[in-house]
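Below you'll find only one chain, the form predicted alone, shown as structure tokens.
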Amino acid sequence: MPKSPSGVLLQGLTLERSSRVPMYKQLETGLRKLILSGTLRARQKLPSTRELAGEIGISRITVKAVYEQLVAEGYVQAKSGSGTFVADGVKLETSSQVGSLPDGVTQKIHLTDRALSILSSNASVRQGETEPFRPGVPALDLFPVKLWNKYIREATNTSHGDFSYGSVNGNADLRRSIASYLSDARGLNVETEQIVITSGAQQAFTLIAFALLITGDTVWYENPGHIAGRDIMQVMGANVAPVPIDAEGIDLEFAIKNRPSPKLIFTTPSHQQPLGTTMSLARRLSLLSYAQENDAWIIEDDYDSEFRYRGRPLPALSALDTNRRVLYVGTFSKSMFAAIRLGYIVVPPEMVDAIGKTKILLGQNSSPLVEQALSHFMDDGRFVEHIRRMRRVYRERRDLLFDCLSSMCTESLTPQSSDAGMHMLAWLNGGVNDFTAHRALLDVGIESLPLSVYSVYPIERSALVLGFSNVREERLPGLVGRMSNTLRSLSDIRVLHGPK
């Protein structure tokens, strides 16, 4: 049989010696493309290993290894005494499958309605690096990193069993530590077996939605309220019914009169997110009574209850619940740091297996080693010690931010004092839109969240949500001065050009 000329092969084969991709890998990829595109046809003979090695200037051993790999993958066939040939039956790719798409052409992908709903969520806008006044960010510069690393090392060195996936419901020691902490700090009388460890509050909301909701179920949801929790309920097909907030918390009377009977009621009673209202005792008792009488469940999101600046933290809503209608959700993202990826749910014993197994199915996420380290951190009193220190620091930062805003931004903002939490509400004056103010401040390195992003319908008055816990005291006056100048310029533009 005559020898095939090497020129036919080499015309479509390009190898880059300066590339970080090894030569053998480039040769494999190039030959596959030539075969799949039809440039090399079925039964066409390839050059011998010696000939190809000489033509492209690489080792014959390398070419031989590439041929053997292509034989193993079914692209070519080696015939003893005859050579190597393109195999029959290789399915050719169309031009749209080979290489990159032409310039200006995008691939059309048909996403599900659920995926499209997720894409439209505002819950992802706060990922990545942080700037001053981003809400919900703790004082990371004051976290005892060296001490925490000691607990991580100890967990790694002594907890060999935790190199596995861990327990379905989370580390048993951590669950006991949390139960003890909740008893002391939040007035909850819970059994260790009622606690399921999660990778944070958002996973907790997702697990509850999967376990309890079917399409069309009504969820009463505080409005304005927690963004990501609301969105996961909508993604699950629930009818999310917004309920306004009054001076005592979620407006139960309004909801009963104007909304369908709920399967779930989502509330932040200790420190309403984002308005800062604390639910009254009378409202708490009425809410619990309604849930019991109407077979409804309550999600209590106790996201930053540790930080109360007047008196002791109030007992949780769940502490008043004698009928086990409340699903209590807590997180360590606010009290410690977000990257710890740990939270928990307190649920009735009958619901534990469903929540735990749903977590495993959807993705466990949390690390058993970190769970063990956190248990020891709590048992040694380090967690409570850190909370007490942060409570003092945050109170000082809250007071200083309020004073700075009151003295430097009188024309642009009216700050609202709060007895708890890690953020402050600042009402915008002069008719300035909160999205416009939010974007203008981002341009000068200041973060906030517009109040309107928390609401499912237009708000009556614009405001900015300003986190103070992550801003050092010495920086506050300068940052507020920058904020004042930026917002004043927006007001000047509005006066010159009129409202848009």
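All residue numbers are counted from 1 along the displayed sequence. Everything numeric in this text was worked out from a predicted model, so none of it was measured.
As for the form predicted together with a small molecule, it is not shown, yet the points below apply to it.
Engineer: Would R389 show up as a contact with the small molecule in the predicted bound form if we use heavy atoms at 4.5 Å?
Structural biologist: Flag for R389 set to no.
Engineer: Examine Y75 and determine whether its closest non-hydrogen atom to the small molecule in the predicted bound form is within 4.5 angstroms.
Structural biologist: Y75: no, not in contact with the small molecule in the predicted bound form.
Engineer: Counting only non-hydrogen atoms and a 4.5 angstroms cut-off, does E306 reach the small molecule in the predicted bound form?
Structural biologist: It does not: once the small molecule is placed as it appears in the predicted bound form, E306 has no heavy atom within 4.5 Å of it.
Engineer: In the predicted bound form, does T331 come within 4.5 Å of the small molecule, counting heavy atoms only?
Structural biologist: Taking the distances in the predicted bound form, the answer for T331 is yes, it comes within 4.5 Å of the small molecule.
Engineer: If we take heavy atoms and a 4.5 Å cut-off, which stretch out of 173 to 181, 411 to 419, 345 to 353, 298 to 306 is in contact with the small molecule in the predicted bound form?
Structural biologist: Contact criterion met by 298 to 306 only.
Engineer: Which residue, Q372, Q273, S318, S270, has a heavy atom that falls within 4.5 Å of the small molecule in the predicted bound form?
Structural biologist: If I apply the 4.5 Å criterion carefully, the residue I get is Q273.
Engineer: Quick one: from V243, L287, A201, V219, grab the residue that has a heavy atom within 4.5 Å of the small molecule in the predicted bound form.
Structural biologist: Of V243, L287, A201, V219, the residue with a heavy atom within 4.5 Å of the small molecule in the predicted bound form is A201.
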